Every structure is written in structure tokens, then in C-alpha cells.
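Shown here is one chain on its own, the form predicted alone, set out as C-alpha cells.
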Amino acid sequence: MRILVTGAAGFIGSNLVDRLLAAGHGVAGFDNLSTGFLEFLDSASMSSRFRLVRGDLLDPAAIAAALDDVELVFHLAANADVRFGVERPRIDLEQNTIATSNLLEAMRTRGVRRIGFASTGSIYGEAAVIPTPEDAPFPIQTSLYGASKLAAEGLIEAYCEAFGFQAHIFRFVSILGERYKHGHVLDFYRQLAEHPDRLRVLGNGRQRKSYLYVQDCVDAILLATEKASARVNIFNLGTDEYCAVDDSIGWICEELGVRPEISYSGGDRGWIGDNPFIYLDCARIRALGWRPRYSIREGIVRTVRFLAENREIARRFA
């Protein structure tokens, strides 16, 4: 099968590209390299079944050119950092919602009708039901990022109804693992590498979150795309556990062999739009036979080891 992956040089995208090539597919990677890294595609670039298209989803002509002979699109390109939405309010609209609209229209005109979409558990806002299922009561949005992803979901669902698309929508918890390049583990690692005696934490350390190891995430994406056959298929992806930020700090410090003095700021959350408790009900994807292989602790430790082994790359991550 010929597959297009947007955001191919990113964290999840590059891992997905590698897995698709290993399964024998032809893969076109699409990325503007604004936050992606060519190094993440070193392995893929050695394959004759891979080509990289440098382009922007805000450029319709570039998207259309990338869709030649494509049968399925995995759409992972996005502004993925919730924290900075209030500083640059248009970035989520442009990179998450408008970019998705452009991609869908290019797919329609080129006759491509299958899409897998990387959404987010942030669309549930501060959920009233914990753990939160896919059919939870419609939430009040608390972040521009979550709102932009929910809008993109709506566009995808509308294209499924109007133009016969098939969609697999994946609402992730935070993803960890090799090629990880933003989030609390990187923030804490960078601080402790610079000054191992002290650590600054946004929030009170008691925020509770679920996390998922990247290869477990890719396993779920591939399984759902193969087995779920409805017109619109929506799946939460996460582990059956959560941890407090303080738990994560303990595991990171243990791995690095440090005992810093910890200071907290910001109250019960780290930034505007940060939800203090995110824990998703993942029974729907479990029903297809998927189970995560790695615990949250194992995912965090693997991420710290990746950062320690790739310090030059880690220093470039914003």
C-alpha cells in the first residue's frame, strides 16, 4: 500500500514511518521541518520505498503533489504544544484546523478517501467522567489546542458523511519514548542536566496524567486501521494507569542519580489550559485485542535514556 504520513519528521510520525516501511508499505513523508528533524528519518531514507516531500499543509499545491498514488493518509502534522496557545492564538487554528481542512480538500480532489488522524485527549477539557470514554458528554474546551483538534475532528467526520471518506481518529494521552521532543520529561531532564541540585516545577506536583510509550501508540494505530471498519472510528489511546507529576519526578531523578531541591509554582496546574487530571477509558481499543506493553514508569525511563544518549539532539529541542 502507498501511504502518506504528514509530520513524518516528528516524534510519532517518524516512528510510524519506520514501522510502515518495516511492514513493506511504500511511504511518502510530508513535513515542513519547522519542528521535525531530518535525523529522525535517517533509517527511512535508506529505503527505496520512502520519499520525503518538503512542504507545508498551508500550501494546497504542495499537498496535492504529495498525494500521487496514495491510498491512505496518516495525518500527524500539527502544533503539538498546548502550553503556548495563549501566546500565539492563531497557531493552533492554522496548523491544526486550517491545515487539516486543506489536506481533506486535497484528498477529495485526488480521490484519496482514507485518513488516520492524530487527535488528543485534550479535547475532553476538564472531563466530568473519569476515566473518560469516547462518548463522554460534550466537553467545555479549556485550551486552544484542544479546541483546534476538536474542530479538525468535526471536519473529518463531515467529509466522511459528505464524500464517503473513512476515518480513524486517535485521541492520545501524552506520548513518551525515543525521539520525544517536548513535554515535562524533556523539561525536567534539561533542568537537571544543567543544575542537578534543583528543579522548578509548574503546578503543585499532584497533577495526575496518563502517558503512553510511542511503540505501543503505533501498535494501536496500525491495529485499529486494519480492524476497525466503520465510516468513522474514534479511539482513546492510553494506559490503564496514571501517575502524579511527583511520581514522574521521582523516576527521572532515580534514573539520573540526583536528589534536587524541588520548587513549585502555578497552583494546581502548570499553564492555562492544563488539566490537572487526564485519564482515558481505552476499552474500545482494548476490544480489538490491543494492550500496551510498557508501563508509564518504563516509558519515562526509556525517554530519559534516549535524551541522555542523544544530548546534542536534545539540546535543540524547544
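Keep in mind the model is a prediction, meaning the values are calculated, not measured. Residues carry their position along the shown sequence, with the first being 1.
Below, we turn to the form predicted together with a further copy of the same chain, even though it does not appear here.
Undergrad: Within 4.5 Å of a further copy of the same chain in the predicted complex, do L176, E178 and D240 each have at least one heavy atom?
TA: The answer is no: none of the three residues contacts the partner (heavy atom, 4.5 Å cut-off).
Undergrad: Which one of C217, I123, I115, A78 is close to a further copy of the same chain in the predicted complex, taking close to mean a heavy atom within 4.5 Å?
TA: Looking at the other structure, the residue within range turns out to be I123.
Undergrad: With a further copy of the same chain left out of view, choose which of N204, T225, Q166, T97 has a non-hydrogen atom within 4.5 angstroms of it in the predicted complex.
TA: Partner contact (heavy atom, 4.5 Å) among the options: T97.
Undergrad: Please name which of the stretches 205-213, 183-191, 87-95, 241-249 has residues with heavy atoms lying within 4.5 Å of a further copy of the same chain in the predicted complex.
TA: That would be stretch 87-95.
Undergrad: Does P196 make contact with a further copy of the same chain in the predicted complex, using a 4.5 Å heavy atom cut-off?
TA: Residue-level check for P196: no, no contact with a further copy of the same chain.
Undergrad: Going by a heavy atom distance of 4.5 Å, is I140 a contact of a further copy of the same chain in the predicted complex?
TA: Contact with a further copy of the same chain, yes.
Undergrad: Looking at the partner-bound form in the predicted complex, is F235 within 4.5 Å of a further copy of the same chain by any heavy atom?
TA: Heavy-atom contact with a further copy of the same chain at 4.5 Å: absent for F235.
Undergrad: Looking at the partner-bound form in the predicted complex, is Y159 within 4.5 Å of a further copy of the same chain by any heavy atom?
TA: Y159: contacts a further copy of the same chain in the predicted complex.
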